[in-house]
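We've got the same protein chain twice here, in two forms, each standing alone as structure tokens: structure 1 and structure 2.
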Structure 1
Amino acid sequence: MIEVSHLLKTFAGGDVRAVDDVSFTVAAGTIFTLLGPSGCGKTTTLRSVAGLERPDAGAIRLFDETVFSSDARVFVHPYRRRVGMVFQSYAIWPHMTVMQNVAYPLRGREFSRGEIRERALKALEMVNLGELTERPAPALSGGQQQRVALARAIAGDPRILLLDEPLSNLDAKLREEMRGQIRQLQRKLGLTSLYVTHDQVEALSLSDVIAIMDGGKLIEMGTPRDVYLHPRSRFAAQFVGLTNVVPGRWQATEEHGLARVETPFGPIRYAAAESESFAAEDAVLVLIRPENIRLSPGSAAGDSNAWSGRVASTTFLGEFIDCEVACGDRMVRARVSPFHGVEEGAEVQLRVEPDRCSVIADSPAM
């Protein structure tokens, strides 16, 4: 388990709050991902957990041990925290073989030479590199080097695995393969893992829990499904995937658990959450994913959740066709099947089901 409480880390004499009052808990045996744009504070948070950064305030507990506390003046050095870390740059020593790279961190610990080799070989076999023990590190591909880095991180039997954008230097196919390997290895070993990335696909495919960060703050947190399907902020909705953001005014709760919002496109009904507390005429934003919009020929008849538009552009992307549809003075993104006969310039009806859109609060000054 990892417990981070009210963590604060500043730079530039305190003027820059890289991590600003961040708190979260990582349950034992799960992958918890910090997701956000460059400079949001996610790597600084991870480095603080590793002991590579000393925070200004807050507390960090790893299982039953406090490794940092500003109040108690506790700071446990990295080598005593029993964490394994995989860096973005791999950090592979070019003058060593594969075996030597993995075994090196075990030297100086209470292991015999035979135990060191046995542990290193076991770790390499877990990442399918058992046959390359004597190969010089520079002779490896990028994917193989990343697997060496992963083997080195787990060879010392860490209680926690930290991964700092480990796949960002790989091509798309290798990233997909390594995502599967990391998830499989984490489940097999039951490692409590903290993962940092700016890649939404990595976060959605690997994580048990995703925490979205921006400007040093933790914006929102939830399972991959919740974060994608039911975002609670505009930032989260637009950072994790594409989202159409439609301004509107909340009107009323209706039958069958639906509520109505008046928008520039007309009324939109949606499946209201029990926790909602909007009042009539509250400024809100309707969030609609492009894949949840259905396009059909012709114009809308004026009923709710349907409106008219003209296809401004189409882009064939293999798995789907990405469409920009002009609806009055607004553009709406829709994604349809590659077999859909949509054409640029065509008049279309756009429709979304009530359970495929969500609503969040907006500023009263909208």
Structure 2
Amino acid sequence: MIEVSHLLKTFAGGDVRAVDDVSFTVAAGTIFTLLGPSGCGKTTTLRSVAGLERPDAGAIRLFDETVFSSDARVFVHPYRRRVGMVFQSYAIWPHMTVMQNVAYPLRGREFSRGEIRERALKALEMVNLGELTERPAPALSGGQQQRVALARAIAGDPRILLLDEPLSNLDAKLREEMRGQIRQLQRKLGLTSLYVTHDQVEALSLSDVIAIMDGGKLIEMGTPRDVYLHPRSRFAAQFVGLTNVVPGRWQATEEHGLARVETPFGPIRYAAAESESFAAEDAVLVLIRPENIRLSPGSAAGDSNAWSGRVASTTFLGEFIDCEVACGDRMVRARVSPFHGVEEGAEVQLRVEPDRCSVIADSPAM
């Protein structure tokens, strides 16, 4: 278990708040992802957990040990934290062989020589590198280096595993393969893991829980499903996948658990969550994913959840066609099947089902 509470880390004499009051908990045996744009403070958070940065304030607990606490003046050095870490650059030591790299975390501990070798070999086998043990580290491909880094991180039997954008230096194909391997390994070892990435696909496919960060702050947290389907902030909605954001005014709840919002595209009904508490005429945003918009020929006839537009541009992307549809003075993104006969300049009707859109408050801060 990793427990981070009210973490604060500033740079440049306090001018840059790289991590700003961040709290989260990673349950034992799960993989937790920090997702956000470059410079949002992910790496700094991860390094604070590793002990490579000394935060200004807050507390960090690993299982039952407090490794950092500004109040209790506790700071455990990284080499005493018993964590495994995969660095963005891999940080494979070029003057050592694969075996020496992986055995490094085992040295200086209670193990015998034989045991060290045995454990290192086991770690290498887990990442399918059992046959490369005596290779000098510089003679490895990017993917192999990545796996050595992973083997080294798990060889010392760490309490937790930290990964900083481990796949960002690999090409697309390899990235997908390694993603699967990391997930598999994490499951098999039941390792409590903290994963950092700016890539939403990685985050969605790997994580038990995703936390979205921006400007040093943690914006929201949830399962991949929650974060994608029911984002609670404009930032989350737009950072994870594409989203059309339609401003509107909330009207009233109706039957069948639906609620109505008045928008420039006419009334839109959506499946309201029980927890929400909007009042009439509250400013809200309707979030609609491009893939949830259906396009059909012709124009809408004053129906709710449907409006008309003109196809401004289409881009054929293989898996789907990406369309920009001009609706009044707004552009709406829609994705349709590659077999869809959509044409630029055509008048179309756009439609979204009530259970395929969500509504959040339009707070000025977001």
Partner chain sequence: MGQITRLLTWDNLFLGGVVLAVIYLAIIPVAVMIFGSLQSGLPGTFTPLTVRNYVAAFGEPLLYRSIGNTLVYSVGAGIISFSLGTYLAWLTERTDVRFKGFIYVSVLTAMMIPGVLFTISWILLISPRAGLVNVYLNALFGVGEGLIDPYGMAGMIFVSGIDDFYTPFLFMAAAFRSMDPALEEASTIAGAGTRTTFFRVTLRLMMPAALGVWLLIFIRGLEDFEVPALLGIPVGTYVLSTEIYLTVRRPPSDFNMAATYSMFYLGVAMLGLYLYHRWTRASDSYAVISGKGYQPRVTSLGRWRPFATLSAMGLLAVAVYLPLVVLAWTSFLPWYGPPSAALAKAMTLENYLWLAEDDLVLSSLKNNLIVGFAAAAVVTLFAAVVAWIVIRTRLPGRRLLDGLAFSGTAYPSMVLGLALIWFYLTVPIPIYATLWILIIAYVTKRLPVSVRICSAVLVQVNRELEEASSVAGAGFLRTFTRVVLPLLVPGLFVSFATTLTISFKALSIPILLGHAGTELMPLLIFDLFESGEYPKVAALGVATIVVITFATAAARLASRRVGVTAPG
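For residue numbers, the reference is structure 1: its sequence is counted from 1. These numbers come from a predicted model, not from an experiment. C-alpha atoms forming the largest set that superposes within 1.5 Å between two forms make up the rigid core.
Structure 1, rather than structure 2, originates from the form predicted alone.
Fitting the two forms on the rigid core leaves the C-alpha of Met96 displaced by at least 2 angstroms between structures 1 and 2.
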